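To begin, one chain is listed below as structure tokens, in the form predicted on its own.
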């Protein structure tokens, strides 16, 4: 019984680390109308407005001006932590809607042949969580464990860029991005035991970051193949982290470990501000290859590498991570193509290993996308879904116990492009 009490207490203490918005995965939302269907394997194509995100050099290969936008009509994410409290699984949910991309591309051949420009507004991550959980196990000494959590987090960007075809088969591009990260977490937890012990905890944290990013891209087309390269360099311009924590409990397991009730409940308060919680952001290098096998078939593949970022608060540390994507576009009829993609979305947090305590979750995802498109002479509309499934390890307690994690997310999305 005492073990369970301590376990639940440590579970409560462990949650603040895992409740931050997800800046540790880089493909939570796929950006762009055509790129979304190809699983993000778009660096060597990038010939629509979303090229501002994948490779600005691709803008110069666009055959027409266009305006495009995409929206997630609905998404749902689930993470199941197996056997976290005794034999009970702990399940976390988030859902909502987001608009991953809106942008436009303008060819400027009238100013300089081979010149093109574009802009885009995009959302690369969105987290909406409303959690309300109650656990009871009186036979094990736990009368009630009540936890509510509210998370509102997003990573958005605004970008502009230009591209120029220095040769008929070679282009270069430059993009400039303003990035905003805003993550608000509010949590309440109350635990009571059958022998009269209890604890109550309130947590509020707010991360705000403004960053500047520069993208430098190149695209080379030879025969039916195309190669693309984009380097994205990021720098933090302004950041702030508010961290508030209130704890009330009437036993001293945390301190003297005598398992005795206290004559007066103990209260702990903390409210601090940190000016450089991240300090730096990961840089990114993307490389892609595309094969225009025929007038009806396109095959593409990407590799993207993010550097490590460990200069700020350790809870936001990220390891270097590499992701891969491959996609195909096939025209079933001249007006109905289908797009399919496969991709990885690996976790930038360290692997969870035995013998350590207080470790953060580590969940690696694999994803697929499937979109059907209706193409007309000057417009196209696509509808489809993106599904991700992940497995990993977690430590929802600050003890040494490690839980297996099973996670998935599903997104229903649509997009439209108009060319002129």
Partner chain sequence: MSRSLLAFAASFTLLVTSCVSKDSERTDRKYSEVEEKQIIKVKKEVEIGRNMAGRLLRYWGTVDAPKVTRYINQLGAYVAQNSEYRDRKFMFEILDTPVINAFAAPGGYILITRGTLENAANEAELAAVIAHEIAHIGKEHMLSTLVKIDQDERNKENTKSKLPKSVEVRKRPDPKVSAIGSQLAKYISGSVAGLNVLKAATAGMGIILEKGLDAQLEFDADRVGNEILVNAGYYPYALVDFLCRIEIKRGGKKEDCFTGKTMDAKQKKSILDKTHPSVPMRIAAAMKDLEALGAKDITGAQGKKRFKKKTKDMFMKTLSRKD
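Positions refer to the first chain, counted from 1. This structure is a prediction, so every number in the text was calculated from the model and none was measured.
Omitted here: the form predicted together with the partner chain. The next part is about that form.
Stretch-level contact analysis of 387-395, 349-357, 24-32, 371-379 against the partner chain in the predicted complex, using heavy atoms and a 4.5 Å limit, identifies 371-379. No residue of the trio 82, 121 and 215 has any heavy atom within 4.5 Å of the partner chain in the predicted complex.
Think of it this way: in the predicted complex, the partner chain has a heavy atom of just one of 179, 249, 278, 221 within 4.5 Å, and the residue is 221.
With the partner omitted from this view, the residue of 135, 331, 102, 198 that lies near the partner chain in the predicted complex is 331 [heavy atom within 4.5 Å]. Mapping the unseen interface onto this chain, residue 174 falls outside it, with no heavy atom inside 4.5 Å of the partner chain in the predicted complex. Contact between residue 189 and the partner chain in the predicted complex is not found at the 4.5 Å heavy atom cutoff.
Contact check for residue 226: a heavy atom falls within 4.5 Å of the partner chain in the predicted complex. Of the heavy atoms in residue 292, some are within 4.5 Å of the partner chain in the predicted complex. In sequence order, 165, 168, 169 are the residues of 158-180 having a heavy atom within 4.5 Å of the partner chain in the predicted complex; the partner itself is omitted from this view.
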